[in-house]
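First structure 1, then structure 2: two forms of the same chain, each alone, as structure tokens.
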Structure 1
Amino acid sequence: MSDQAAPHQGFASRYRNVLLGLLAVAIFFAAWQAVFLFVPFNPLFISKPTLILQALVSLLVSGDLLHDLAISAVPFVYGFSSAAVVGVALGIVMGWRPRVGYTLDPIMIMFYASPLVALAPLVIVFFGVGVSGKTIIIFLLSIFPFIFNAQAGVHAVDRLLINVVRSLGGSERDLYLKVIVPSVLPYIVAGARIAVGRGLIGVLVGEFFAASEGIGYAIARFGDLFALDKMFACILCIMIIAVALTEGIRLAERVAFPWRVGQ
């Protein structure tokens, strides 16, 4: 009996965090479904999880959902990757060069605190309703976590390592490639987890204002038609993608930086 219980105990212990997360999601949807046993159901204002699941399957079978996701993925990849490259480079420079940091900090904080979502119509006017406009919106929403985390990572670099490289005759390039960038990588990964959510919001905002296809347009269209089961199905799909991307980044972090597990 003990030999048979050991593998089950090992599985539960190994995947405890995943199981707890799945249990929380299951309880949430079960409670949502149970509410309609006591509250009158009005399909014009809310939908049941069972109907949402049926709508999700229907959209997947028809191929409409996958088509919309493919359309939205293009500006997301462009905007997010551009934000990562520019944000990390700018954050490292701001952290390593104090004068640059003091000069740009107020501007970065001002733009980060400003309601960039409210400026989406203006961005659409200047850059159009195609991929370019949505890419700019995603870029603007995603770049700041990379900037601030990279800057914080530079400030956390062990000064002893910098002094060692300098004492051995290392150049400025050696400092960047051998000390600063490797030390900042964990902070960049943490910033990427935050930027994913902001980037997905950028996709939806860009397609809400001006688009004829894409997942954001589908959500807005189903909402206008009061097809709330399909609207919530699309929203649920975005949530699943956000969780998958975030967990993928966490997995990459555990593989690249195993010493940080548990921190």
Structure 2
Amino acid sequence: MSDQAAPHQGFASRYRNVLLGLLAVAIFFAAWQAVFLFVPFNPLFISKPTLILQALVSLLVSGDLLHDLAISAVPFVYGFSSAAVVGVALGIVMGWRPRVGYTLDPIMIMFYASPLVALAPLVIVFFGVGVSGKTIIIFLLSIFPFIFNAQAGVHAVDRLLINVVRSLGGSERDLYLKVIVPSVLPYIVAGARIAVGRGLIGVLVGEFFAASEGIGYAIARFGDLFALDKMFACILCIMIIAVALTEGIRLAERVAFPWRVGQ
């Protein structure tokens, strides 16, 4: 089914979609900047790209931004990694042991369906505004994708493949390395991708509530100070981090599990 190669196909047609996307982004920022040529610019309520860029540079140069990010990263890393460990372990047990699954399924679904962020005020009041409070919120929010995906991954292990490996004389170790881990791992990584977003929500909730540093706190404070350029700069920064994390995991999925492309 190899079609005739097309060496003369132009750069533009090959990268059409990417170019269109870049074009749209450029138009968006240009229009944003240009609109204030026609309408009065009130810096208390809106900012424009040039000012945001300046603010971003100044926040980077002064080190404030990196400081806030570092502060926020600590509970994120704690909460997210503990959610990964506990969630995957729990999910695997729930998947392996049908009765454990039956028992815990409704409870987990109940927790998942209820907006657990609603417990944030309680957590903050109990654990304080420091690292521990934020860590717990992040943990609570990001654990469920790990649980559900690990469980689904175990369920998705193909019995036929287990028999195939066994019939070919594979050992227990082969069973793990060649069938079980490759089946479950993609689910877990996909779960991690979903969990990242929820973990970031946890960071923001924790820091909006009551904090004295951190990127969420910075956004809220710049809002209170009507420093819209700096606020937008921080928002932009979070967007970049979120996209980098999510798309980074997606890319890793494609590289590590090429057989799953298209699922």
Partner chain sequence: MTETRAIETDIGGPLESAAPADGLWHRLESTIFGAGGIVVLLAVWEALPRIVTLSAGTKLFFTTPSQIAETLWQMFATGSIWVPLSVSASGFALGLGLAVVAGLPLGVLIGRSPTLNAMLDPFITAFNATPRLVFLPLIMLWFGLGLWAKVIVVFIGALFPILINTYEGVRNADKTLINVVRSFGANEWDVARLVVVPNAMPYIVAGLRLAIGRAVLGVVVAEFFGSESGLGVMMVQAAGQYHVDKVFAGLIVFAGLSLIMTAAVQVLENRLTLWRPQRAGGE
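Please note that residue numbering is based on structure 1, beginning with 1 at the start of its sequence. Take the two forms, superpose them, and find the largest set of C-alpha atoms that agree within 1.5 Å; that set is the rigid core. Keep in mind that this is a model prediction, so the values were computed, not measured.
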| item | value |
| --- | --- |
| Of structures 1 and 2, the form predicted together with its partner chain | 2 |
| Core fit, then Leu175 C-alpha moves 2 Å or more between the two structures | yes |
| Is_shifted Ile194 between the two structures (CA, 2 Å cut-off, rigid core) | no |
| Cα displacement of Ile46 between the two structures reaching 2 Å, rigid core superposed | yes |
| Angstrom displacement of the CA atom of Arg250 between the two structures, core fixed | 2.9 |
| Core-referenced Cα shift (Å), Ala30, between the two structures | 4.1 |
